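Before any questions on how it binds or moves, here is one chain, the form predicted alone, in structure tokens.
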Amino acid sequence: MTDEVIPFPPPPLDVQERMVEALLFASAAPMTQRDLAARMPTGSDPAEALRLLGIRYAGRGVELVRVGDAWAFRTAADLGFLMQDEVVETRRLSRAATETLAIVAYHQPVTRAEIEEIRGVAVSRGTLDQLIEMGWVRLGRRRQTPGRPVTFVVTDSFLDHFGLGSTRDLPGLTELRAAGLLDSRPPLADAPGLAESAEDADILPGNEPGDDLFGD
């Protein structure tokens, strides 16, 4: 007669909800469902726990938000003004870096050659290195084309910094023009996202090298 291992049932959902709450509160970075499941008892349902947690925190000063494929607690957007006196780190990007970042965000996965084709000028290695070092851009999969060029994509840190759940939440051309971030001239050629020439679609007009573009 062999000993039969009887698995323990997963904890009740209200307990799982508390577990997810504790894990997200203690984590310095957003956590995916896979991250949560790896730390929770076998048989737990982190997806349902996240759903319940989202309902519990809806409308509170701290809310549960999705960051790419991960989840985190963030200050409610309408209370952001309370944090104005906090000391923040200012990140300065050149015009080239700003345009490159926008192209990656709107056209990812995109190769260096494709970035240069859209901008109409060469992209220096330092520009992409800077964006990678900031944690806003990372290497993607290599293209299955001659030379197998590497592609570039934005990171969850980029989405988190700009309060985006995914790249689908990026503003369109109409929204950018309405906010005064693009001139109102019609594009010379139709293309998805921001696929206008760099000359005819300055992502942020007046953004000369060294301008303060992205502040935490």
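What you are looking at is a predicted structure, and each value in this text was computed from that prediction instead of being measured. Residue indices: 1-based, along the sequence shown.
There is another form of the same protein, the form predicted in complex with another copy of the chain; it is not shown, and what comes next is about it.
J.: Using the partner position in the predicted complex, report whether Ala47 sits within 4.5 Å of another copy of the chain, counting heavy atoms only.
T.: Contact with another copy of the chain, no.
J.: Even though another copy of the chain is not shown here, does Gln108 get within 4.5 Å of it in the predicted complex, heavy atoms only?
T.: No.
J.: So, in the predicted complex, is Val62 in contact with another copy of the chain at a 4.5 angstroms heavy atom limit?
T.: Yes - in the predicted complex, heavy atoms of Val62 and another copy of the chain come within 4.5 Å of each other.
J.: Wondering, does Arg39 line up within 4.5 Å of another copy of the chain in the predicted complex on heavy atoms?
T.: It does: once another copy of the chain is placed as it appears in the predicted complex, Arg39 has a heavy atom within 4.5 Å of it.
J.: If we check another copy of the chain in the predicted complex, which of the residues in 9-31 reach within 4.5 angstroms of it by a non-hydrogen atom?
T.: Contacts from 9-31: Glu17, Arg18, Met19, Glu21, Ala22, Leu23, Phe25, Ala26, Ser27.
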